[in-house]
Every structure is written in structure tokens, then in C-alpha cells.
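Considered here are two forms of the same protein chain, supplied as C-alpha cells in two stand-alone entries, structure 1 and structure 2.
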Structure 1
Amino acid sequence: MKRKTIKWGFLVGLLLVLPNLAGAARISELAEEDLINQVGRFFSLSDPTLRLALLGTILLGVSCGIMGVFLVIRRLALMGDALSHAVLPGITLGFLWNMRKDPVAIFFCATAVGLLGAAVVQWLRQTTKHKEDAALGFVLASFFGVGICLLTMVQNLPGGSKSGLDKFLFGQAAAMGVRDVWLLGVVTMLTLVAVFAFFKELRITSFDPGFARAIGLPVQVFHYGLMLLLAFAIVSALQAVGVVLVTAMLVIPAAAAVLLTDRLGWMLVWAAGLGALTGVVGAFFSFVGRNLPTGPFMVLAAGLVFALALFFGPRHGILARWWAHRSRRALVRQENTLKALYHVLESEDFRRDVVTREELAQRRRETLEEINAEVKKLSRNGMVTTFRDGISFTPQGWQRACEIVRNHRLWELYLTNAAHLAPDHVHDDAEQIEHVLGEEVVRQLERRLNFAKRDPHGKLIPGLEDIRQWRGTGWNTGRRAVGYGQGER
């Protein structure tokens, strides 16, 4: 926490010292018009600067989104932050190579320094007691400090103040030229081809590196290959979003994609699409606004996308998990009511098939109002039939009630036999597990318990034939189906 506070304090101080850098990163700063005309110009793509910036931010979003997925699932998000700051010395060295802002020279020098930073991290991990987070923090701070010093030296040179290298701190999409966009295109295409060609290997080495080593895959080769692609993506994105914000474009769309799907292929598609979307949104607000920077708006758009995925994701979103939990609680409550109905009939040796609401309320220890509401739900779901004087199972309700009782009693018997627990200590565990046991697990339990007929308390365990039959109201089972034949009472 202390390290994060120092880092953010440093960034805030940097923004205060260089306020014009963040404000000069808008696309349409040379053309001030009313909002409607600006929106029309954006969607007509009539401005050459806009076309370059828009294409560049889309390519940036695709490449950073794809690489970010591998960072997130490998738990290397801080690696992207470290490398994005570590490349700053390479940017200044690329400028010093021929004393001009050559995108190709800057790209190769920054990539080389970024790979050097990754190598230093690996070396520190292998030769010291420090873990990866400490090594990443050292590389981030030291390389970024060297970069700031070199950047200051360059700006003190004759003509250095006009080098434009300061734009790499916060990005300036308006300054993107044709060579910058071509570079982004090449990096994005290289990323797509590499991920498509080695998708299976990358998936295995990302999710289970131990298994990958066991089957002979060169895990380290793929790791450094990803680091190389990561360095490419970071360096090519610096012109648009800068050193400070490129980590957000790597992590946020990928983190949102992880909330939307569990399959790696679709995760990559979602991350690339969301990255491209945030690029478009950032370019739009930068173009139509007044003195609004592109990079920060891309990050804000990515943050909004992540918030939407966090709340409305189909499986891992907060609302989806809340609804699943609510539905699960309602289902468990209904199944417990069916089980209570079974227990009331069992207490009478199944001599009758109708249970009064008062008996069910007493068994469930609930009020009549609560039982009536629950019975209505069960009736709508086809589990029970209601009469004036009581409630009776439908075939579907009888089947589910027998399954719940069978699961409960099988698990109690298993705990007493396998775990050697006392019979009076297994009820609560069985109450939890009875609702989630699948048929395959139940079959294994039955075989392991030699198809036992009674639980640890001596009560009969419904078998397969009991579940399929029911004597009451015209259905063919009853006391014999659950083992209450002559001589078994």
C-alpha cells in the first residue's frame, strides 16, 4: 500500500509539474467548431488527422487487449506496468540515435530496453530471495528514473525542447503519423498471427505450466516470446496513450473480458473488441471536446466497460451472481419443503398420500402463511397437487423428494463409514450436500456402500425403483416401494 501511495503521489506531482502535456493530447486542437459540426466531422471521417488517430487507437486497443489477456490469466499485470515504465530510457536512446523522432529507431531501442527490464526481473527472481513483485517494483522505479533523467538531458540539448519526446509520457494521438500507424498495424498483425499459430501452446503454458513442462513444451521460450510481443505492444502504444496510461489499456479490457467468459478464445475476442471500442470512444471525446486528451478518455472508457462487465456480466457479474444465489436459495427452500412432505408421509408408513398444511408447517417450523406461499410455488412448478384438505405429490415432485432424501441419507452413511464420524454429527453436512450431488456421484456412493438400504439412523434409503413409482392417487408404489412391506416395519 505504501509503495502504491508513493507511486501515485509521484504521478500526481508529475501532472502538476507538466500540466500542458496532458492537455495537449487532443485530436482536434487545431479546429474549434460547435459540437454538432464536430460530431458530424467525426463520423464522416473527413479529417486526415482523425483517420490516422482513430485507426491507430483501434489497432492499439486490439493488440493491447490480446496481450493483456495473457498478462491477466498469468497474474503478470504488474509486469505490463513495469515494462511500460522501463521502456522510457529506450525512447530517449532512440531519439539520440539520429537526433530526430524516428518511430522505427525509437521502437527498436525501446523494445530492447523493455526486454532488458524483463531479463532483469527474471535474474533478480533467480539469484535473490526477492519475489517477482519486488523485482518488478525495482525495475519499474529504476528504469523510469533513468528515463526521466535522459529525457531531461535531451530537452536541454539544442533543439531538444522541440523533440516531442515528452508526449510519450501521457501520449498524443494527434501527433500520430503514417509511420506510427503502420508500426501499430505491423505489431497488431504480428500479435494476431503469433497467438493464432501457437494458441494451444499458449493456453497450456498459461493455465498449467507444470503440465506443459511434463509434456515437453518449452515454457520459458513461450514466456519470453510473450514478453517480446508485450514489449512490441507497449512501445507501439506509447505515442497514443503514453507511458503512464498504457498499463490500463493492457489490463482493463482483458480484466473485463475475463468477467464475460471462461473460454480463452472468446476471452481474446472480447478483449480485442473492447480494446478497439475504448480506442474509438477515446478518439471521439478527444475530437469533439475542447482541450480533452485522447489517452485518459480511452482509459476512462475502458474503466466504464469494466464496470459494466463487473455488474452485468452473464456469469461472473455481481447481478448474475446475486440472481444465481437468490435462485439457488429458492430452489433449496422448495426442495426442503418436498423433503418435509416426504418425512410426514414416512412417519405414517405411507398409509396416506395427502398431508395437511398444518402438518407441513409443523414439520418445517414455519407459519401457515409461509407454507401456503411455498406450496403455491411448488404447485406452479408441477411438484405438488393441492386439495381443500391438504397437499399431495405429483410424480415429478415425488421423484425429486426421493432424490433429496436418498442423497441426504447416502451422504450420512458415507460419512459414518468412510470418515468414521458419529451418526449424530453428520446431519448438518448432509443438509448442505444433498442439493448438489449429481447422479454420477450418487451411483458411485451407492456402489461404494454396497447399495445399502438404511442410513446410520436406521431409516430406509429410497432406491431407484422408489424414485420412479408412487402409489397415492393412482400411481403405482407406496409402502412397498420404500421398503415398508410385510415384515420390514
Structure 2
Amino acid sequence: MKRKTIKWGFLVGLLLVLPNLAGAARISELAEEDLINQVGRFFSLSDPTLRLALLGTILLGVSCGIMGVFLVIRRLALMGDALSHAVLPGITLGFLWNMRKDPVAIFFCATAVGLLGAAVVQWLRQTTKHKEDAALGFVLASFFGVGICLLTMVQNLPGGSKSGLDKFLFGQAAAMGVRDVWLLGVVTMLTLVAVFAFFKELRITSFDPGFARAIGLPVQVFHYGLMLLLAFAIVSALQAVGVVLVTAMLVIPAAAAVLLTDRLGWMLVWAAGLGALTGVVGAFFSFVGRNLPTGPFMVLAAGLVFALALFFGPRHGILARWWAHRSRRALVRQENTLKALYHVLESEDFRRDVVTREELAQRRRETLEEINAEVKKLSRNGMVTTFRDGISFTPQGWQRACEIVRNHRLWELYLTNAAHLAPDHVHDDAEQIEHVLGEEVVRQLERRLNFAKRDPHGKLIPGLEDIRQWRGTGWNTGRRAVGYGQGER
């Protein structure tokens, strides 16, 4: 939490100190043109700068998405943040190399400094009391501070072509040259090949590094290899999305992919796809909008993608969970009505088989309208048969009602006998459990309770006999024999 505050302090400070840097960056240097025209230009892909920028953002989306998945599943998400901030001094050093913006020189210097940052984190962890978070915080802030100082100094140097160096802070896709995109292409290919070739090793070293070492795998080599690929992905993406926000391209598409699937392979595919989509959407907005850097737009697009995954994810999505919860509650309601029907019949020793709607409403403490709606649903599901004056069980409904009553009473008995709870404490718990107990657990409970016949309140527990017995007999014959407990007595 605290670190987050510090981070935001950073951003705000930056925006205050360097307004010209943030303001000057924009994807297209076009003169005033109306919005629709601009959108049309985007989709017709007529602008060669735009084509290059789009290709670049797609490539960086793919490589950052894939590396991001490994960061997220290894719980190293903050490492990406620290590494990306740590590369800033490297960028200026790369520029100072031959006083011009040479992507390759910048790439190697930035990677070297980034890895130095990672090594400092490792060294601080191993030699001091500090845990990873403090070490990451230190490296992130100090390297970034040095980077800003160097950058400002370089800006004030006479001579040299410094234009575009400031774009490394917040990114500008349109500033990407052919060599930048080539670099991105090479890094993305390298990432894809490495992950495909060593998928099995990367998975086992992420999941269970102890076991991986025990079977003789060089776990450290894979860790540092991954960090190297990460540094490559970050550095090659900097021109388009900027030092400050590249971490979002690493973490957000991957975090969204985690919500969408439980399979690592598909997670990588999803993250790559969402990363590419994010890149395109970010490029689109910053192309259409004016005077705004690319990085923040990509992050906004990524946030949008994450929100979509959060809401509409098939299993873990909020919508899916809400729907499952709703269906479950509806089912519980129906089953409770079935149980009430059983209770009414039981209170009269199963002498009759039709219950009026009023009796049911009274038992459930609900209005007649509510009961009518419930009965309609039950009858649609084949659980009850409705007559003009009342309701009776179908064989299916009888079976389910018996099961629920049995589950309830078995669970009460188990809680009082095995868990030694007082009999008046167990009802509410059983109300929940009765709907979810599976047959296998019921068999275990029965064995554990020595096939007890009565619950703690002295009521009979329906046995398998009772549940099955009904199915054999017709509905209108042998009414008394239907009542549970008859077969056992």
C-alpha cells in the first residue's frame, strides 16, 4: 500500500516537473482534422507510420503478455515494475554511447542496467534482513531517480540529436522506427521459441522449484533466463509504451488471462492475444486523440480488457459467479418447498398424499402468491403434480424430498454425536448442508452413525428403503406403506 503511494507520488511529481515531456508526446503529428476522418485513417491503414506503430504494439503486446504470465504465476509481478524503472539510466547511457538514438545501443545498455538492478535486488535479499518488497522498492526508486537526473542532463547537453529521448518516459508508438520494430520482432520470436521449447521446464521450475532441483534441473539457469527474456521484452517495448507504464503491459493482460482459464498453455495464448488487442486499442485511441502519449492509453485499454475478463470470465467472472449463486439460491428455495410438503405429510403420519396450497404457505411462512410461483416451478421440473385443490409428490419429487430430509437429520445427528454440539445448535447448519451433501458422504455418515433411525429431536430418518420403496408402488395405492420408516419397523 505504502509503496503504491510512493509510486503515485512519483508520477504526479513527474507530471509537474516535466510537463513538456508528457505533453509533447503524441502518436500523430497531423494538423487539425476531425475525429471521423482520423478514425477512417486508422482503419484504412493508409499511414505508413501508423502501420509500423500498429505492428510494433501488437508484437510488444504478445511478448509482454507471455512474459507477464510467468511473472504472475511466479508471484514476481513487482519484479517487472522494478526492472522497467531500473532501465532508465541505461537508456541515457545508450544514447551517450554515440550521441544519437540508436535502438540497438540503447537496447543493450538498458538491458545491462536492468539486469544490474535485478542483481542488486537479489544481493540485498541475500545479504541483508530485507525481504523482496523492500529491496524492489529501493532499486525501483534509486535507479529511476538516477535515470531522471541523467536524462535531464542529456537534454541540456549541446549538440546531438536528442529528439525522442524524452518519449521513453511515457512512450510514443509513432516514434518507432523500422529498427525498433525489427528489435521487437526478434525479441518476440525469441520469447515464443524459448517458451515453446522449454515449456515443461518453465512450468516445473515455476510450480515446484524444490522438486525441479531434486530431479537435477538447473533451476537458477531458468530463473535468470526468464529474467533476461523479461529484460528484453521490457527494453524493446519502451519506445512504444514508456518506462513508467510498461509494467501494466506485463501484468494486466496476464492477470486477465489468469481469470479466463486454468490451463497454463491457454493462459499464455490468452495473455498474448489480450496483449496484442491492448496494443491495438491503445494505438487507436492515441492516434485518434491528440497531444497524448501512447503508454497511458495502452494501460487504459489493458484496464478495460481486465475489467471485461473480471466481469465476463466463464468460471471466475463476477457475472458467472453471480449467476451460479442465483441458480443455487433458486434451487435451495425449491428444495425447501419440497421439504415443507414432506413435513406437512409427515405431521399427519402420511395418511394423505395431497397438501393444499394454504397449508404449504403456512408451513413455509410465505404468501400464497409466492407458493404458487414455487409450485409452478416444481411442477415444471417434474417434482410435484398439481390438482385443483392441492399438490402431491411425483416419484422423483418424493425421492428428492426424502433425500433432503435424510441429509438434514443425518447431519444434525452427526453434529450432536460426533462433534458433541448441543441438539439446539445444529438445525441452522443442517439447513445449509442438506442441499449439498453427496451420496458418497451420506453413505459415510450412515456408517459412522451405525445406520441410526432417529435424529436428535426423535424424528425418523428416511433410509434408502423408504426412498426407493415408493418408486415401485403406484401413486394411488398403498398410501400408508409410502410413509418413511414403515419398511424398517
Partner chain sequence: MRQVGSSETNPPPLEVHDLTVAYQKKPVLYGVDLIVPQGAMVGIVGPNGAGKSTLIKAVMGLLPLSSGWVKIFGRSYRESCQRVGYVPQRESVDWDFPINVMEVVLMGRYGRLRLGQRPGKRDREVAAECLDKVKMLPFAKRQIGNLSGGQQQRVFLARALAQESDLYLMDEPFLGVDAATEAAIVEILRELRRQGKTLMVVHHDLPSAREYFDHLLLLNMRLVAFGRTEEIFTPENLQTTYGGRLTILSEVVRVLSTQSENR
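Everything numeric in this text was worked out from a predicted model, so none of it was measured. What we label the rigid core is the largest C-alpha set whose atoms superpose within 1.5 Å from one form to the other. Counting starts at 1 with the first residue of structure 1 and goes up one by one along its sequence.
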- Query: So which is it, 1 or 2, that shows the form predicted together with its partner chain?
  - Reply: 2
- From the candidates 98, 314, 432, 367, the hinge of the rigid-body rotation between structure 1 and structure 2 falls at 314
- Degrees of rotation of the smaller rigid part against the larger one between structure 1 and structure 2 total 16
- Note on the structure: The CA shift of residue 381 between structure 1 and structure 2, rigid core aligned, in angstrom, is 5.2
- Query: After superposition on the rigid core, what is the displacement of the C-alpha atom of residue 323 between structure 1 and structure 2, in Å?
  - Reply: 3.1
